[in-house]
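Just one chain follows, in the form predicted alone, and it is written as structure tokens.
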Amino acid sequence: MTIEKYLVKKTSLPVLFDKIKASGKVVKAPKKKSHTTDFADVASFSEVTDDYIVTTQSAKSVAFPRVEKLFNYVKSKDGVQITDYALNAIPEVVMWGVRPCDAAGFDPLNAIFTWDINDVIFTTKLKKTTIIGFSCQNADENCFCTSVGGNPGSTQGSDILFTKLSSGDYLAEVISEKGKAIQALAPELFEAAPSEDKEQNLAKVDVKFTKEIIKEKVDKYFESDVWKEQAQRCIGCGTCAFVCPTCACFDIQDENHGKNGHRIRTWDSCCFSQFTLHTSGHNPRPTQDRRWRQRIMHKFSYMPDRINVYGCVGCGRCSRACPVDMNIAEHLTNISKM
């Protein structure tokens, strides 16, 4: 659908929030706790914070949680009885306060989970999720969305995108049918579109490279020593993957007690030393530099080749969270200049 633009006054945001809550949907929004800000169930608008560049964790867990039960099973002398995931029990969720980089991250995730087979658990959760994004007015040295095709006011992935104007009121861009459904909860709050230019109210994020240049370089320098140089500090903790909006590696395990059990999938990471360890004892990626190369190649070469999307949205979470101060934007900038 064509993007429709409206003015929503700052005093109307809490009213809209309350209307969404009253509709029976689960609302998750950025909530500050100690030194972190993360998406959490919120009961009222007063719990929502707007004091963040990006949340500590990404928004992806709404459709791809860290630990997820796939099915239950019961063993008996007659065989195994399996109880599948109850798809009809998945609630309608509204993610309020999603930054444009996070919203854009759902496209690569969807491409991964529908690549060779349709993962009905993921796709059903995503279908039942409405993304209400908020443009970025501030950025820090770790942000590089403009280098990977995004920008602080990108509408990609959002159903409604709010941009704060100089008056304190908001430009509301209604982008999808799910966004129209939210608007229909309180149509009186969506007034005639403002004349103020959206761009002047956005954070400034300089372009450091392009994703196409990175793809060209990593394909050319697969055997380069640059991977050893960049990975010297890496301790293989996997933090970068766990905060990333687009990382989708997972492990599958069975947990049981007697004859009852369930199968779960849990986040995993190509940074882990045992990620590619074979039962024979052979590991095709035995050193951290090869695992770091795999991470970059996967995001900037393998994904665009196989599923026509890149695996990085430039949110900078991996650099903020890294305990040894590895900075992916710096690494990618250096690669672009090779």
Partner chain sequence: MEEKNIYKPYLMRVEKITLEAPGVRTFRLKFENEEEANAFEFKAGQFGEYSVIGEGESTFCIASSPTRKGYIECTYREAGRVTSALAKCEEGDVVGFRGPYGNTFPIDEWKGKSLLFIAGGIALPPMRCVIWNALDTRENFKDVTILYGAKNVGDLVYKNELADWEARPDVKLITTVDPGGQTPDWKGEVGFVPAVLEKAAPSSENTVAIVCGPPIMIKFTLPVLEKLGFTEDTIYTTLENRMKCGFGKCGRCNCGPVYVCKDGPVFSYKQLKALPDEY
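Each form is matched to the other, and the largest set of C-alpha atoms that superpose within 1.5 Å is called the rigid core. Residue numbers count along the first chain shown, from 1. For clarity, every value in this text was computed on a predicted model and none was experimentally measured.
Missing here is the form predicted in complex with its partner chain; even so, the following discussion is about that form.
Screening 116, 197, 177, 191 for any heavy atom within 4.5 Å of its partner chain in the predicted complex leaves a single hit, 116.
The single contact residue among 203, 165, 93, 249, judged by any heavy atom lying within 4.5 Å of its partner chain in the predicted complex, is 249. With its partner chain omitted here, the record of contacts in the predicted complex names 284 to 292 of 308 to 316, 284 to 292, 25 to 33, 39 to 47, defined by a heavy atom within 4.5 Å. In the predicted complex, its partner chain sits within 4.5 Å of a heavy atom of residue 275. Interface residue remark: residue 256 is counted as part of the site for its partner chain in the predicted complex, having a heavy atom within 4.5 Å.
Under a 4.5 angstroms non-hydrogen atom cutoff, its partner chain in the predicted complex has residue 112 among its neighbouring residues.
Although the partner is absent here, residue 268 lies within 4.5 Å of its partner chain in the predicted complex, judged by heavy atoms. Residues 75, 78, 80, 82, 84, 85 are the ones in 74 to 90 with at least one heavy atom within 4.5 Å of its partner chain in the predicted complex, listed in sequence order. For residue 188, the Cα coordinates differ by under 2 angstroms between the shown form and the other one after the core has been superposed. With a cut-off of 2 Å and the rigid core superposed, residue 76 has a Cα displacement that reaches or exceeds the cut-off between the shown form and the other one.
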